[in-house]
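Below sits a lone chain in structure tokens, taken as the form predicted alone.
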Amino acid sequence: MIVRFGYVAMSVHLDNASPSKTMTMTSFSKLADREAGLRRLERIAEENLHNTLRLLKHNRYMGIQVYRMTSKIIPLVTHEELQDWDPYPALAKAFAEVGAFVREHNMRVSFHPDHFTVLSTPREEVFRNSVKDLRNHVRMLEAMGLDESALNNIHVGGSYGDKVKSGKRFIEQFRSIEQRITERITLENDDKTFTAAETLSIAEEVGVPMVLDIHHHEVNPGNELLKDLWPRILQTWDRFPWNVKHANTSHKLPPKLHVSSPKSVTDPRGHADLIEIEQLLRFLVDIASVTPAIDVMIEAKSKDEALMKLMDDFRAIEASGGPIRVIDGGSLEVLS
């Protein structure tokens, strides 16, 4: 099984490379010239895209092919007071440069919209804003020239006092959204509400792939074992329209796994700086015989440093005769 690792948004190794520079609405409102303020927002977004490209080049140098981009590339883009502003024409070239680099080097990039993007909500305004946010994420991917293999990962959402009813509401509201948005969605189990089994059932119902988070499963396990759920999770990826279309080609998209480690005994849901390898290794070995390839997103506070440390740990296991063959700085093979 081939395993590729990625990290989230920021690098601790690159100086002055934040892709999330911003301006608050309070600061924007104080500007005397609104048009000049909009141009300033566009310049900030252009710098964020420039730094995204720097991060991708850093990843290429390190051998890292999987990366989650920040959702905060364009400051205030979905704010209700700026709905007459369209920054995309001014940013077309910068977006295109990012997308061209991704395509040239066969990288896998994605977004994870913020927690306020909730499709299970009973509030019409929240649902409407959630769809607006997802539409903007799709527009960024389209501006990069990336096809439907570039995805947006979300959670089912809150239970609002009745988890069964909330799950059904997610399904109903999901089906009301335009295909351009829904064909780029994956669903992830969360650490408090919807378990892996519950998320999987909803993903199967609406026909989207499921991203398994093994840390979330540890703190919100439900009654099912991951080894029993994994074959069904794999099938959600096999049925993913992109994979159906590319079933007999090298473009088939591997399933994705999220990994993190508990911050502490008193904060088991929080994310630690680094990744504890034992649980991850056990899971990878368990699924290696039935999973040709998988991409793993590291959700650790130390970002790319956590990935590099994890790869060092795998090299140590390989050197001691373990079932690992490290390929490069961001990928390895688990021997089954």
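Numbers follow the displayed sequence, beginning with 1. Just so it is clear, the model here is predicted, and its values are computed rather than measured.
Below, we refer to the form predicted together with the DNA, which is not included among the displayed structures.
Participant: Heavy atom within 4.5 Å of the DNA in the predicted complex: which of R60, R54, R39, K301?
Facilitator: Of the listed residues, the single hit is K301.
Participant: Go through L14, A316, M23, I327 and name the one with a heavy atom inside 4.5 Å of the DNA in the predicted complex.
Facilitator: Only one option qualifies, and that one is M23.
Participant: Tell me, please, which stretch of 172-180, 154-162, 198-206, 252-260 lies within 4.5 angstroms of the DNA in the predicted complex when heavy atoms are compared?
Facilitator: Looking at the other structure, the answer is 154-162.
Participant: Classify V118 as contacting or not contacting the DNA in the predicted complex by the rule of any non-hydrogen atom within 4.5 angstroms, answering yes or no.
Facilitator: Contact check for V118: yes, within 4.5 Å of the DNA in the predicted complex.
Participant: Would you please decide whether S27 lies within 4.5 angstroms of the DNA in the predicted complex, comparing each non-hydrogen atom pair?
Facilitator: Yes, contact at 4.5 Å.
Participant: Against the DNA in the predicted complex, would A90 count as a contact residue? Criterion: heavy atoms within 4.5 Å.
Facilitator: A90: no contact with the DNA in the predicted complex.
Participant: Answer for L76 alone: is it within 4.5 Å of the DNA in the predicted complex, judged on heavy atom distances?
Facilitator: L76: yes, in contact with the DNA in the predicted complex.
Participant: Are all three residues Q235, D286 and A288 in contact with the DNA in the predicted complex, where contact means a non-hydrogen atom within 4.5 Å?
Facilitator: No, because Q235, D286 and A288 lack any heavy atom that approaches the DNA to within 4.5 Å in the predicted complex.
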